[in-house]
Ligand code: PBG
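Next comes just one chain, in structure tokens: the form predicted on its own.
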């Protein structure tokens, strides 16, 4: 050992909990979290989703109560998913001024004003009777998502949600050119100030199963691998993010989060823009199931997972754990 330098002993900074807190590199607070919520028509609806304990489908009236409870816990941002009364081949109900998400936006804005940040998910999988993310057509001898035919509908959906009170729109379909089409549509409708949170790196993941129960939107044939990303690819994610930013995205998302921490880190390092990560339903359900069996400490594991997502570079996390985390951190 060189006597001119004192020995460095990292444990000196770990001996006291307040010292550990003082030098902590990554923090987690309710303001870092976005709570996903599911809304469906009706009154007094509060249907627990069996595969996602503590997560519910709400009607607009009970959604108001749920958001009020979340606000008291310190949560402020909410992602809205709609479950319509009827579905068809092209998801036309998603564009209606009285659509279920439009109703939810208007109702929440009326009750809470600027106290809430409202972010509708922009896609058609919940509204189509086939469960895919837009218009279908015959391509290369098989039925598949028609990218270009879906773009104007996606832009119209975003404009409708903007008129209903959205603060940010979040297109999730992984369509080529979606951000450009939405940006043009918003600007022409007088919403040039409205940010776009693009699901820029959304993988064709096996972690989405419980969400499809919650949103009642499983594909009726095939899967979404022709428009969502191959889980084996990393460089492709950077290309997708670059394209979305060039088209006008203001924030970008990596989905899922836990199995893609390396992607979050690469995106943050390369682009230095606000990055969201979606801690998805399957990640949530695994923690809940293991905790119910007594195999893990739910609080400790949840906080460890979400801190790892922040440490990887996420500025905000969409998570079904948000209410529990807000209680624990409060």
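Just so it is clear, the model here is predicted, and its values are computed rather than measured. Positions refer to the first chain, counted from 1.
The same protein also exists as the form predicted together with the ligand; that form is not shown, yet it is the one meant from here on.
Participant: Only one of 207, 260, 78, 127 has a non-hydrogen atom within 4.5 angstroms of the ligand in the model of the complex; which is it?
Facilitator: By the 4.5 Å heavy-atom cutoff, the listed residue in contact is 207.
Participant: When the ligand is placed as it is in the model of the complex, are 200, 244 and 275 each within 4.5 Å of it, taking any non-hydrogen atom of the residue?
Facilitator: No.
Participant: Taking heavy atoms and a 4.5 Å cut-off, does residue 186 contact the ligand in the model of the complex?
Facilitator: Result no; residue 186 lies far from the ligand in the model of the complex.
Participant: Wondering, does residue 281 line up within 4.5 Å of the ligand in the model of the complex on heavy atoms?
Facilitator: Although the ligand is absent here, residue 281 would touch it in the model of the complex, with heavy atoms inside 4.5 Å.
Participant: So in the model of the complex, is the ligand close enough to residue 172 to count as touching (4.5 Å, heavy atoms)?
Facilitator: Within the cut-off, so yes.
Participant: Although the partner isn't part of this model, could you tell me whether residue 212 comes within 4.5 Å of the ligand in the model of the complex, counting any heavy atom of the residue?
Facilitator: Yes, residue 212 is a contact residue.
Participant: Based on heavy atom distances of 4.5 Å or less, which listed stretch (230-238, 116-124, 152-160, 91-99) is in contact with the ligand in the model of the complex?
Facilitator: Correct option: 116-124.
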